[in-house]
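There is one chain below, alone, in structure tokens, taken in the form predicted alone.
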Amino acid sequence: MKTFLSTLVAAAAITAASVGGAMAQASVSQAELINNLQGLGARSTILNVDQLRQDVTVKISQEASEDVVNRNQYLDYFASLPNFSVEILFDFDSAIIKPDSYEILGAMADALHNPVLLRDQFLIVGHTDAKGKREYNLELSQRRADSIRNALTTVFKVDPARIQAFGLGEEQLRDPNNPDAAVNRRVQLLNLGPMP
């Protein structure tokens, strides 16, 4: 059976040849994704994503600061969940996914359709760098996480009940010493365990 990834590789190659610009990260394999995303077994993580969004918004408004130095990191429990970070490219200041990133989305979809992960639910977490206002970055990362979820559920036919999207903006920088660095712009896919 032909995988979504193999179907899209040719299309992505043609698009990449005809469209210049930045390239997405090196190839991500389905095997890498599965290896990193499995492991919760029967344990399920229940998250109220709407409450998480509200908590982040309140935190930003209470701090009322753009300073990234000594900013409290939170949601560190995400790190304890099986997860995988990828770079998905978007048009500037936009939630439109660049064609070069569809190969990575295809690998993600293939992994989610794999029998090893088929019963699990996932959270897409969008991150930005610290350029711009915190509130704006939070909103932009949510739109981008929603775009990825939409692509996975429509183009790649992943069951929408299995995927939630959460934008975290610049609140969890990968490299807080270089807040504007590209490494901070990423998407995490987290395994929350079996569907309830």
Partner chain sequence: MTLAIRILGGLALIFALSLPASAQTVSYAEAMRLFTRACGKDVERTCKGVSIGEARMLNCMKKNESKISDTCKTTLDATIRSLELRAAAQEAAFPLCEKDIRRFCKEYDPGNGRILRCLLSNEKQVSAGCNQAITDAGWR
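Keep in mind it's a predicted model, so treat the numbers as computed, not measured. Positions refer to the first chain, counted from 1.
One more form of this protein should be noted, the form predicted together with the partner chain, which is absent from this view; the next part is about it.
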Of the listed stretches (162 to 170, 128 to 136, 143 to 151, 54 to 62), which one has a non-hydrogen atom within 4.5 Å of the partner chain in the model of the complex?
143 to 151
Just to be sure I understand the contacts: of V86, I97, L123, L81, which is the one whose heavy atoms reach within 4.5 angstroms of the partner chain in the model of the complex?
I97
Please check if V155 has a heavy atom lying within 4.5 Å of any heavy atom of the partner chain in the model of the complex.
yes
Using a 4.5 angstroms cut-off on non-hydrogen atoms, would D91 count as touching the partner chain in the model of the complex?
yes
Would you mind checking 81 to 115 for residues with a heavy atom within 4.5 Å of the partner chain in the model of the complex?
D91, I96, I97, K98, P99, D100, Y102, E103, L105, G106, A107, A109, D110, H113, N114, P115
